[in-house]
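Quick heads-up: it's one chain on its own, the form predicted on its own, in structure tokens.
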Amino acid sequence: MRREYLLGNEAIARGCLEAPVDFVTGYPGTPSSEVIDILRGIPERGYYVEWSVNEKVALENALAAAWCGLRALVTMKHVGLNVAADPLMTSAYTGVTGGLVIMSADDPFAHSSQNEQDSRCYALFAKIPCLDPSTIQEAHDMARDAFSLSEQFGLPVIFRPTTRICHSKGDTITGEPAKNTRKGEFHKDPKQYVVIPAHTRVLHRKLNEKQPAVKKALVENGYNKAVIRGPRAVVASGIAAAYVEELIPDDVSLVRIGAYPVDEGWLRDQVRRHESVLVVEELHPVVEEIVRQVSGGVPVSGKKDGLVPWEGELSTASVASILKSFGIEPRETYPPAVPVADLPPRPPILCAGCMHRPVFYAIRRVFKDGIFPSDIGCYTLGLQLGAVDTTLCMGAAVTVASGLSHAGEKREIVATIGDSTFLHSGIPGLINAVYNGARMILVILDNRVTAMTGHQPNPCSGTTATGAPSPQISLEAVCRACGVQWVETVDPYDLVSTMATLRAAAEQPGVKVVIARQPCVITARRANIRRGRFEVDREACTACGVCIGFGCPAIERGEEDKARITDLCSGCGVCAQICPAGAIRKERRKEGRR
């Protein structure tokens, strides 16, 4: 055993190695992505690891491995669990032989997500255990122990760290990675694995019969515990439990909920020892609803009387304020954060030289009155360029565009989606659009990588998660196989050609696909692709601002309001194509510059 200063996701990966895990799948999604990135980067692996094309595929692969007796981990962010919900709900019925841990990382405050949903609700819905760490040490320990818990009850286990756990660092006591010795083997048992109605009814009853023992074990294993020391108590879960423990005085009891389902009898005994109870948790009032059910008349405060917010992320400062409102004087108070004066707003923007920017520019120029559904990825930032009108979930750009078409919208509908997202869940939508005769243009922004979550490879990249060579999927062939009759590929850095192709697409009937392909500017830089830089001829510049309006962070206003190109320039050259005065040109090599 040793003490290490680890990132939360690093601690989780270490816990999986100590289990040990035999089979790893997942789809990238902040804040979960680093776990597989760490596991796939270990050179001497005794386990299988893959980036899957979506969360449903990842879970079904991992479930099959667990049926074969292996210990399997599948990772995703909370919204990914929606994609995997279909196999999740039935996996509780079929159960597992080896351990199956489903890491669904929640994102309170929606730092990088489209909603703030709570994975604990899925666990309750599916009737499977859920482990909810409050510290990085707990995250490590729970990730390690979740496999045994899964095998003990023959059930998948949801492991639910939040952003503040995944992306914080802390001292962690770790052990040694264990050696993989298991060999996967599937044993046929149709009554367990073929969910026809006659089997399902039996499996559902067996699932319900497991629940009391699961609840009891979670208390016996120390995941749910209480320290009784006064007439008032705080019941807390997840990261909020760590904040409460840091703040409450010695005469206030603390009940920590680290796992679900909660044993109602045990919780009733803790709650009814007190004169009043406060429940502190992030997102849905999962714990509070159970506390209110068992309180027996003990006054309960929390979200339902407005003391604790229903949305957003808690902090030590906000929890201190909640405690004061409940009548508990916290051991620490925190002054309100005061923004730095005159600090300019810095919204997230596309990188300098990003291939998405000229595509959005071309779409806006060609279709001034168009409607622009888009999707989840870096390109969602096209919102700031006026080229994103809707974003819903992975793959919805295609289906929303199709729906707008069938709703009778006469304006041109131009949807944008990334290559990874198209492979994730865009293909069924495209098949549906073609099959049902939609009228739309789909632009696939193909940068050959899953960029937004940390440049994980995908089937367009040419390598697997472990770096092994893999056939590159032909998006053109996929689109044609979906029934699209008109498919064209463009270089987005060639603005004239891109705009001409978009105009040509508008002349065609039905569903048209334009594939805009350039490598991500970050991966291109890592691959040592150098295009040189551009500069502004100050004599020729008229300070018209057209290049500034293009939105590239490498272009700024200099003296006399004239444009200036900074060292951020990656040499894409699109700004030179849009300058009406012809004032932007390839930089002349300067003496001493390599």
Partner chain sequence: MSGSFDILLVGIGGQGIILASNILGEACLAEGRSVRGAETHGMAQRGGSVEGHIRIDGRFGPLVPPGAARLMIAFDLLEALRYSHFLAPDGRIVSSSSLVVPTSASMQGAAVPDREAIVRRLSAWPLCLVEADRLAAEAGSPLSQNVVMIGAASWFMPLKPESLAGAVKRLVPPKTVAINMKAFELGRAAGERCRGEARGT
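Numbering follows the first chain given and starts at 1. Because the structure is predicted, anything quoted here is derived from the model rather than measured. The term rigid core refers to the most C-alpha atoms you can superpose between the two forms while keeping them within 1.5 Å.
The form predicted in complex with its partner chain is left out here; the points below concern that form.
- None of 536 to 544, 66 to 74, 50 to 58, 26 to 34 except one has non-hydrogen atoms within 4.5 angstroms of its partner chain in the predicted bound form; the exception is 26 to 34.
- Of the residues M452, M355, A505, I328, just one reaches its partner chain in the predicted bound form with a heavy atom at 4.5 Å or closer; this is M452.
- For the options R273, R364, R448, H167, the one in contact with its partner chain in the predicted bound form, meaning a heavy atom within 4.5 Å, is H167.
- Although the partner is absent from this view, I239 contacts its partner chain in the predicted bound form, with a non-hydrogen atom inside 4.5 angstroms.
- For G549, a non-hydrogen atom is located within 4.5 Å of its partner chain in the predicted bound form, even though that partner is not displayed.
- A residue is said to contact a partner when one of its heavy atoms sits within 4.5 Å of a partner heavy atom; G46 fails this definition for its partner chain in the predicted bound form, lying far away.
- Although the partner is absent here, E246 lies within 4.5 Å of its partner chain in the predicted bound form, judged by heavy atoms.
- Contact annotation for 287 to 322: residues with any non-hydrogen atom within 4.5 angstroms of its partner chain in the predicted bound form are L314, S315, T316, A317, listed in sequence order.
- A movement of the C-alpha atom of P344 reaching 2 angstroms or beyond is seen between the shown form and the other one when the two forms are aligned on their rigid core.
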